[in-house]
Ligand code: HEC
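In C-alpha cells, one chain follows: the form predicted on its own.
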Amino acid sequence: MFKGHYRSLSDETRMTCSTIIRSCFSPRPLKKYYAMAVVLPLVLIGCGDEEKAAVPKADIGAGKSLAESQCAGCHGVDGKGAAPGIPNMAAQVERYLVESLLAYKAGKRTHAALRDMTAQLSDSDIRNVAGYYTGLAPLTAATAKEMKEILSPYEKGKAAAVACVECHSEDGNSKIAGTPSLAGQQPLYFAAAVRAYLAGARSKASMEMLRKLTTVDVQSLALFYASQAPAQRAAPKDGNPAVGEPLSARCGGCHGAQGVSTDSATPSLAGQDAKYLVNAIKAYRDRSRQHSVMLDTNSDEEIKNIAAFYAVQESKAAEGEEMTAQALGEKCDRCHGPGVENSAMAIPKISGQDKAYLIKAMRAYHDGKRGSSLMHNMSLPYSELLIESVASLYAAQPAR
C-alpha cells in the first residue's frame, strides 16, 4: 500500500526515510528498555508530508523584532536561556522550532505563557522568529566542570554497590546463607523490593541504609546488578531438587521456565540462595509478607524442595549489556547527531542544551505530556536514570 507513495518521494527524502528505518531495526545494545518506537507507515507518512509544498522563507528582520519584543525575556536575543530549565534557541533546527511553537499554539504542549503568546502569533510570525533563532551562531562550548558531571549509568550503579558488598558480594552473588543474590535480578522487582523495605513491608536493620538513596541511585543499582552474571550454585544440604521440580510448576507461570523470569517486575528464582528462598516463601505463606498472588500453601518440607530445585538452576543476567554514557550517546545520535538539521523530520539539536530543560522535556515525553512517534521509550526500569544520564551527556557537549 505504501510502495507507490514511497516511490513518489524525492531521492533525498527517500534516503532520509531509509536511514531512519535502518536505525530503528538495527541491533539494539541497550535491549528492550531503550528502543526506537517507530513503525514503517508512520515514517513514510511523515516523510510524505515534506513533499507537499515548499515552505516560504523566514523574514529574519521581522523575526528579530518579534524575538526582542516577545522572547528575549526568557530566551535572550542571543538565544541563550535566561535560567536553568529554559531552553537555548540559538542555531536550533528551524522546522523543530516551528512545529514546537505550533504545538503550544494548538494546546498540544502545556506552558501557560507560551500558549498565550503563540495564540497572538500568525503562522508567518512563528516561521519568522524560528528562522531568526536558527540563524544565530551556536552558543559557547560546555565548561570543563560540566564535562566532569556526565552520569554514566552502569558506572554510577557500580559505585553505589560498594555499600552492598559486605552482604551481597562485589558482583551480587551472595555467599552468605539466607542472604539473597542480586546478580542478574530483574530491575523493576529490585526497585519494588527496595520500596518494600522503605515502607516497612519488609524489615531488616541492615537495610536502613536504603533510606539515603534517591530514585536515580536505586535505578543505578538495579542496572548494575541486572548486568551481572549469576553464579551456578551447588545443591543445598536441605531439600531435594528432583522432588521440588514438579512442585514448582505453579511458580513457572510468573517466574519463568526453571525460574528465569522474562518480566522486569517479576524476580528470577534460578540460582538464588536456597535458605533465602525458603524464608521468603514461608513469609508469603504465613502472611508476614503480603502479595496478592503469592498465597502459598506448601508444607515446610515441600518449600525446602522447591527452593532446592530453583537454587541449582542456571540463571542469566536480566541485562545483557553495560549501559554506559558512550552507548547512550551512540543511540541518541542516530536521531540527534550531526546532520540533524537536514532530516526530513522535526528533530531538535540537543548538544550544548540546558541540562534542566532536557530533563524537563524528557520527563514530559515519559509522562505523555508531549507526543512523538520517534521519541525513545524511557518508560520502564531506568526512566529517571536514563533521563538524568542523557541530559548530563548532551549538556556537556559543545553546542553546534
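Predicted model, so just to flag it, every value in this text is computed and none were measured. The first residue of the sequence shown is number 1, and the count goes up from there.
We do not show the form predicted in complex with heme C, though everything after this point is about it.
Undergrad: Any chance all of 237, 241 and 270 sit within 4.5 Å of heme C in the model of the complex, going by non-hydrogen atoms?
TA: Not a single residue of the candidate spot has a heavy atom within 4.5 Å of heme C in the model of the complex.
Undergrad: Is there a heavy atom of residue 351 no more than 4.5 Å from a heavy atom of heme C in the model of the complex?
TA: Heavy-atom contact with heme C at 4.5 Å: absent for residue 351.
Undergrad: Residue 227 versus heme C, in the model of the complex: is there a non-hydrogen atom within 4.5 Å?
TA: Close contact is absent here: in the model of the complex, residue 227 is far from heme C, nothing within 4.5 Å, heavy atoms only.
Undergrad: Any chance residue 175 has a heavy atom within 4.5 Å of heme C in the model of the complex?
TA: Taking the distances in the model of the complex, the answer for residue 175 is no, it never comes within 4.5 Å of heme C.
Undergrad: Is there a non-hydrogen atom of residue 223 within 4.5 angstroms of a non-hydrogen atom of heme C in the model of the complex?
TA: Taking the distances in the model of the complex, the answer for residue 223 is no, it never comes within 4.5 Å of heme C.
Undergrad: Exactly one residue in 140, 120, 299, 292 has a non-hydrogen atom within 4.5 Å of heme C in the model of the complex; which is it?
TA: The residue in contact is 292.
Undergrad: Tell me, out of 136, 312, 231, 194, which residue has a non-hydrogen atom within 4.5 angstroms of heme C in the model of the complex.
TA: Exactly one listed residue reaches within 4.5 Å, namely 194.
Undergrad: If you look in the model of the complex, which residues in 251 to 265 sit within 4.5 Å of heme C (heavy atoms)?
TA: Those in contact are 251, 254, 255, 265.
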